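Coming up are structure 1 and structure 2: the same protein chain in two forms, each one given alone as structure tokens.
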Structure 1
């Protein structure tokens, strides 16, 4: 008998955990500050409503309706030919997790170094040493071992139980650091920069595509993770209500992360090192700020800095882990259905294969960048585009699974038939141009 989530809240927290990851906790804040502040927020929210939520509903409807993983679910509604889209979801998740776990390993390592009081004196040199080679391999394998253990324990005892514990902790930590940041001198300048209303900066095509991509990626769409979780959802659950809860919580964490990060940046005197550098020769990017600039600042704060650094990287690690287990579950569910493997066997062998592929980005950071550009940008958008076309134009049966009023259903169908494919085509085009 197929497992299900034991409660509505268990599914909701697991799905939110899938959506909330490193991209929400840092990349969203970074883009918002650089691309118009409050103007970018308005653009992002609009694209979440008109692009993200429609595709989210599509994944939920296909997964819950079929009660199967990506490959079998697409085959169930569209026949053997459409099962290839399910294969794309599995491949995309496989590749993303193979390098995502490397970055998550860096995050966990920095959290440990903050906890034991051993933040480096030279963060740039330290990051260069630990971001590739044997140190990166060890933490990558350790992170994957934790993810495999959780997924192997099952939906209720593993994924649901972990989400019920980790997600409240993540929310509390983010709120706590945000509150602490509000008490620091310079916090007001951080808020002012983060939420500056600059339509001139926001109304550019590259900003539009960045906001659309962030709205899409932050909801964990295009790789079958939400679809897979929905396949374990009870039939009487409202997928429309879950879609709204997931979207609101996802945005809420991302927004709070900005309220956490920018007061710290300004209070610690890091604004000139990070702010306004995108596209310039001084651009340190999100990775540079996370693993070079911020650890240096935490160290200068003394004992309080080590505690803040520990909590900061703990929040990032929890977000990374809940996202990782959802991606791994896509591969595990598919292996269980197609190969008739037990959950433990599927989790172990999938984890081993992903870990082996992850050795390449762990050893060479350049490979990590290539894999992210290909799978993390292009494949996700292609998958989302194909799913919106499938649900909007092909699968009438999956549309019936969405509990919307007739008027809202018509609006949703129109969105996934016309605007969503157009927007995702533009994002895909720019992703290809930037490869």
Structure 2
């Protein structure tokens, strides 16, 4: 018998755990800073609603309908040829996790350093030292070891239990820090940057493509993570309700992360630093923005900074962990199905391979940047494009179990047939031209 999540809330928290992660805080805040604040935010919301949620429903439906991991699920509904899309999902997950866990390693290290009170005096040079080479490798391997242990323990005992414990902690911490941020003098200029819309910026195509990629990354779409979790969902659960809950929680945390980060950096006069250094030309500046600016903010804040910093990096590490296990699960479920491996063997071997590939981004931040642009943006968009074409045009029966009212269902099917593939192909084309 195939395992299932034991309860509805267990599945919901695991799927939210997958969605909420470094993407909501690290990636969302540096992209928002880079692409002009509110302009980026508005596009990101629109793309989440009109592109993200339709694809999310499709993934949930295909996964639960087939009751199999991505490669077998695509084969189930579409035959041998479409199983290649499942292969793309697995490869994408493999690549994403290999660099995601490097960033998660930095995060955990910062959490530890804040806790023991050794946040550095010069955050920029500290980040440069720990983000590449042996220190990064060690924390990357440690993080992968924890993820492997959880996934090896199974859906209920590993993934569900971890999410049940960690997600509520994360929510409380994020809410608490966002509230604290609002009490700082100067928070208003942070909010203004974050929430004041500059239409001209919103009309730039690169802002649009970054927002589309971010909507996919943040909702864990386009690589079969949600599909795989849904394959462990009981048949009587409502897919539509889950899709809404996942999307609202994911957006909620990203939005709160902005409410937390922007007041902090503006109140402490660090805004020129973050907005000035963020830029595609300089990987350390953009990828490291959060890791350089925030510790500086925490340092200046004295003893409250100690607590806020520790809690912030702790929450971020928990979010990274619940996302990482969902990516690993894509590989593990696939290996169990295709190679008939036991869960433990699949978790261990995939974990070792992913850790080895991760040595490259752990040693060179430029490689990490390239992997994020390719796997974390382009491949997700291509995967989402192919899935929406598949579901909309090729295999309508794969979405039989979506419980929308007839009218909403018609709108949804139209969305994944026409606008979603068009938008995603434009985004993919533009991203390829810009590589």
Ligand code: PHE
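Please read all numbers here as calculations on a predicted model, not as lab measurements. If you superpose the two forms and keep the largest set of C-alpha atoms that fall within 1.5 Å, you have the rigid core. Residue numbers count along the first chain shown, from 1.
Colleague: Compare the two displayed forms of this chain and pick out the form predicted in complex with the ligand.
Modeller: Structure 2, which is the form predicted in complex with the ligand, differs in this respect from structure 1.
Colleague: Superposing on the rigid core, is the CA of residue 390 displaced by 2 Å or more between structures 1 and 2?
Modeller: For residue 390, whose C-alpha is compared between structures 1 and 2 after core superposition, the shift is less than 2 Å.
Colleague: Would you say residue 355 moves between structures 1 and 2, meaning its CA shifts by 2 Å or more once the core is fitted?
Modeller: It does not reach a 2 Å shift.
Colleague: Would residue 68 count as moving between structures 1 and 2, using a Cα shift of 2 angstroms or more after superposing the core as the test?
Modeller: Superposed on the core, residue 68 moves its C-alpha less than 2 Å between structures 1 and 2.
Colleague: Report, to one decimal in Å, how far the Cα of residue 33 moves between structures 1 and 2 once the rigid core is superposed.
Modeller: In the core superposition between structures 1 and 2, the C-alpha of residue 33 moves 6.0 Å.
Colleague: Having superposed the rigid core, state how many Å the Cα of residue 206 shifts between structures 1 and 2.
Modeller: Displacement of the C-alpha, rigid core superposed: 2.9 Å.
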